[in-house]
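In the form predicted alone, a lone chain appears below as structure tokens.
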Amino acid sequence: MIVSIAIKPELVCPAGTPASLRMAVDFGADAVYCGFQDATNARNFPGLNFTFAELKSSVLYARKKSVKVLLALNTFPPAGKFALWKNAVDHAVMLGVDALIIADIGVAHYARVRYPDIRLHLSVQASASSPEAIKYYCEEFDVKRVVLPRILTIPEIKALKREIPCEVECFIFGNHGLMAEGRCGLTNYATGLSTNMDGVCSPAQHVAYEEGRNRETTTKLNGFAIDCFSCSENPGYPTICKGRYYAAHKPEGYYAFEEPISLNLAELLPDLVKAGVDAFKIEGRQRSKAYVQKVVSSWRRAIDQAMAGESIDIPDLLSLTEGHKQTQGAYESKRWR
């Protein structure tokens, strides 16, 4: 796989904690993305994310190495709670982040009116995949970059790039998801907490594991059994969309929504570069420092090789993937739709 391109895409890496942020910065990230410890970001889990003080010191650390810090404000404020998101925008600008990753049009409007110089990126949570939708955000809120949902083929991305007035960012590695970002109501149904508004999918306080007589383990979410796996299997995240269920036509149990599997576009990297993608995003803010170090350093080397016109040599990352399985998803074909 050899490609020679003039414009070098940005490598955007996950930072779930200050320690992970430093790891991403040290091992080759061009930009890191993170969130505050509240419902304003879509990875609102215990033990993750940043206090205002932690973000301040992290921005200074990243800036010393010319790495950008992007703050995810990518959830949707419920009625009567907008002050939390306004406060997050205010502090993010004060702390000197390089861009806000937004999904809600109210948050976008507040940021644009109050801080006209702050750079805005459109989150994948906005699910904007058509030229018309993306142009709207660009015209109304001066969005500079759109993070594309994982539903487009590479030819579609190339065609889209020609029609829109902003940069394009796409995922290249990590959790695959249902490719319906910003619209998931499954966890809300089971727990009463919303991925889209509370920023938490499968809240930790609702997750339980029970071991059976034959050493099989049952995963439960707020009392609902969502999977059962043996010690020889690699389970997925404890989410409804990755669970297995019994049905009349599938008495042995099956993945009703999606099998635990991760995205890996290593083989398609040259094609994505040729399509004009401006930034490559690695998923995994809930993952460890070791994950960040291995994945970031591997993709840093792969992108540099692609830009130099060299063959891409990326190590096997299968052991780091969900379920130890990987896919190219819709990027290669339509079969995932």
Partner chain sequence: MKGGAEEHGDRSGHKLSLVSGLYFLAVPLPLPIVNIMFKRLMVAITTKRPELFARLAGHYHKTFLINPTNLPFVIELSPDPRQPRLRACRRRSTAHADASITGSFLTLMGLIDGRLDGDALFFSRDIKVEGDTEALVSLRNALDDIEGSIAQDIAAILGNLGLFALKVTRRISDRVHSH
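If you're wondering where the values come from, they're calculated on a predicted model, not measured in any experiment. Numbering follows the first chain given and starts at 1.
Missing here is the form predicted in complex with the partner chain; even so, the following discussion is about that form.
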{"item": "Contact test in the predicted complex: residue 215 vs the partner chain, heavy atoms, 4.5 Å", "value": "yes"}
{"item": "Close approach of residue 309 to the partner chain in the predicted complex, 4.5 Å, heavy atom", "value": "no"}
{"item": "Exercise: residue 77 in contact with the partner chain in the predicted complex, heavy atom 4.5 Å", "value": "no"}
{"item": "4.5 Å heavy atom contact, residue 211 to the partner chain in the predicted complex", "value": "yes"}
{"item": "Residue stretch of 99 to 107, 247 to 255, 231 to 239, 146 to 154 approaching the partner chain in the predicted complex, non-hydrogen atom distance within 4.5 Å", "value": "231 to 239"}
{"item": "Output flag, 68, 165 and 328 jointly within 4.5 Å of the partner chain in the predicted complex, heavy atom basis", "value": "no"}
{"item": "Contact assignment for the partner chain in the predicted complex, among 37, 297, 57, 305, heavy atom within 4.5 Å", "value": "37"}
{"item": "Interface residue in the predicted complex among 266, 207, 84, 186, criterion: non-hydrogen atom within 4.5 angstroms of the partner chain", "value": "207"}
{"item": "Those residues of 270 to 290 which, in the predicted complex, come within 4.5 Å of the partner chain by heavy atom", "value": "286, 287, 288, 289, 290"}
